[in-house]
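This document opens with one chain alone, in structure tokens, the form predicted alone.
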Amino acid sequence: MTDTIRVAVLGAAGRMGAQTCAAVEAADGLELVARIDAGDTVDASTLAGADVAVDFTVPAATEANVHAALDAGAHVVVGTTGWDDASRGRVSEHLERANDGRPAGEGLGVLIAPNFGLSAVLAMTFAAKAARYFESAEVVELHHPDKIDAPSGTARHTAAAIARARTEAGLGAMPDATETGHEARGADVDGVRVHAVRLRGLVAHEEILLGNAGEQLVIRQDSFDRASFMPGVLLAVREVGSRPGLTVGLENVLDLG
């Protein structure tokens, strides 16, 4: 990429998209070259020569947007949730095709981040490190009622990381004697229960509860304003070009040991 990174924002009229446009315009070394909204086509013309496309759209559109941006030769940073193994796999395959024959280190990259808040990324990382030492773990995520997916991508990412840590530690299923009312126990994400709250006045919040006999660890993260996500978004925009292929999680571009 050039010294100045040209950026296109998809979903530019939305809450996160508008905040991202403002952050890019205010940042050194970045240039906002395109604002793409619902109903606009995503292609080389509308991306206007962007080096990086940032997607803050909706789950129904985000995968197609990523493929279109890759076809146009742009790296992609994705903040839209709703991804699963199948959709991530299709993007990985597209990247392999697009990068075939390119010099090492110069291929296209896609960074999908369930959360760009640095405090949220740290909370997820700490929870995964702690999970191997506790018999029980559950996740509670709290968001504004305009959010269309539940559980949140952040909570799913957190639960999956906890589950992997427990598996690597050789831990079995968590104790749960529930026989009736299973619907009240939340979603099951790889064996970790996740509970979603939707309440006016909230922005984005998460609690990870870890318990042993006689003790409890609570990791709590709160995002009170969408401005808190912007340092992570700008970091991703600056880093994605140096990471060919698919990267999932902002923790992978932070030096967290």
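The first residue of the shown sequence is 1; numbering continues from there. Computed from a prediction, not measured in an experiment: that's the story for all the values here.
What follows is about the form predicted in complex with a small molecule, which we do not show.
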- Query: Which of these residues, 37, 31, 190, 43, gets a heavy atom within 4.5 Å of the small molecule in the predicted complex?
  - Reply: 37
- Task: State the residue from 246, 23, 235, 16 whose non-hydrogen atoms include one within 4.5 Å of the small molecule in the predicted complex.
- Result: 16
- Heavy atoms within 4.5 Å of the small molecule in the predicted complex: does residue 113 have any? yes
- Message: in the predicted complex, does residue 147 come within 4.5 Å of the small molecule, counting heavy atoms only?
- Response: yes
- Just to confirm, residue 197 within 4.5 Å of the small molecule in the predicted complex by heavy atoms? no
- Item | Partner contact for residue 211 in the predicted complex: the small molecule, 4.5 angstroms, heavy atom | no
- Spot the stretch among 56-64, 43-51, 23-31, 214-222 with residues whose non-hydrogen atoms come within 4.5 Å of the small molecule in the predicted complex. 56-64
